[in-house]
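Quick setup: one chain, the form predicted alone, written in structure tokens, and binding and motion questions come after.
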Amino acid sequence: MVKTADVVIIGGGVIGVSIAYFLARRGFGRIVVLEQETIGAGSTGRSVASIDLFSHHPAAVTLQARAYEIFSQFEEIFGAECGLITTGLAVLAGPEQAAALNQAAKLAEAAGITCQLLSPDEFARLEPAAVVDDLAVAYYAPRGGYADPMLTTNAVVAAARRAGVVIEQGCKVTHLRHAGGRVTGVDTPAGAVAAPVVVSAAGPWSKHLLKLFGLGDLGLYACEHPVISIQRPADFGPPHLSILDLPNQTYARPETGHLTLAGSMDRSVGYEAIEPENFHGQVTAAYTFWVAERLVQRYPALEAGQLRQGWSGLMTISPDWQPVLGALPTVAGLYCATGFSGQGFKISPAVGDLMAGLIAGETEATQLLVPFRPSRFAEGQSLATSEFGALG
């Protein structure tokens, strides 16, 4: 067990190890990641891992665009593949969501994301298996898709270790050390680690950890989010696009083995607050029916599909459903990267790079992360919530 570090990062998910890697690339000294279980054991390993390239908020879409640039060069940067699959992304809107979708498309274009707006007839030619009668417009980003969450995380871990990062698994942080208004390290059952900088990237355990440190919980809560899996019938045709279906409040993406993964975007369905230790990972029959019924409304051919084993994942929700990234104002040297509200994987490489830049004092990173600062809630500067349900 190491005794001293320049930075301690709490949490060995894709966010924590990405921050570690980009700090090491900057030559920031000795970087130590402390993971209470195993790499990717929290939210990361159960992520749907979609790369959506769509948001209603300009700061969030900027993170997505920066992250995609890294994903598109992933093997060159990290020395291994992330399993990136390009499916194309379609965001479907009825008349009541059309104006907001038009604005989101402008934000995406301004951020450098290749996209276009399609009429219902144009979308039907692109996606003939879909029903379009209720649509007013569709947003189409041809580079949207998904990656493999554990392949991605393990590649970042390997690159971080090559850069000198120390990763300790099975090492739970039990206390934050601080003196004179500054962080001085952390305690673990294996001993103390002295460090002038500590980053909490603990995902669903963030609320508990911040309270353990004697800080406010920032309004964060952990939730269990289920995902259903359907095997498409043999006559379905080519895989469908990744979709965010606003009228039906569902999302779906194709998966290998002729599968479709899908879930709810309705914040009242499938986003129940839980304590992380009570997480069970199951999917109820009622939730499965709720999602499948709406998915079949969009793709009628899926009614002949076969349900396969779904799963539940853990998410951390912030009060405005946007990430919480930056320095905690009450203790100098203490940072957090949490509250991703379902967006974490798709922006993880950008978050890693910008959080490392912020810690290193870089101006661009500091400016880009200002909208996500932890103090925004106390300042009454919460980001505008989406009109699109559980969608960043």
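Numbers follow the displayed sequence, beginning with 1. These numbers were taken from a predicted model, which means no experiment stands behind them.
Omitted here: the form predicted in complex with a small molecule. The next part is about that form.
Contact residue in the predicted bound form, from Ala327, Ala41, Ala65, Ala59 (heavy atom within 4.5 Å of the small molecule):
Comparing distances to the small molecule in the predicted bound form, the residue within 4.5 Å is Ala41.
Among Ala160, Leu135, Leu89, Leu314, which has any heavy atom within 4.5 Å of the small molecule in the predicted bound form?
It is Leu314 that has a heavy atom within 4.5 Å of the partner.
Looking at heavy atoms inside 4.5 Å, which stretch does the small molecule contact in the predicted bound form, given the options 127 to 135, 105 to 113, 314 to 322, 288 to 296?
Going through the listed ranges, the match is 314 to 322.
Arg30 near the small molecule in the predicted bound form, any heavy atom under 4.5 Å?
No.
Residue-level question: is Val48 within 4.5 Å of the small molecule in the predicted bound form, judged on heavy atoms?
Answer yes; at least one heavy atom of Val48 falls within 4.5 Å of the small molecule in the predicted bound form.
Evaluate Ser55 for contact with the small molecule in the predicted bound form, applying a 4.5 angstroms cut-off between non-hydrogen atoms, and reply yes or no.
Looking in the predicted bound form, residue contacts with the small molecule do not include Ser55, since no heavy atom lies within 4.5 Å.
Considering non-hydrogen atoms and a 4.5 Å limit, does the small molecule approach Trp205 in the predicted bound form?
Output for Trp205 is yes: heavy atoms within 4.5 Å of the small molecule.
Establish, in the predicted bound form, whether Ile85, Pro142 and Pro349 all lie within 4.5 Å of the small molecule, using non-hydrogen atoms for the distance.
No, because Ile85, Pro142 and Pro349 lack any heavy atom that approaches the small molecule to within 4.5 Å in the predicted bound form.
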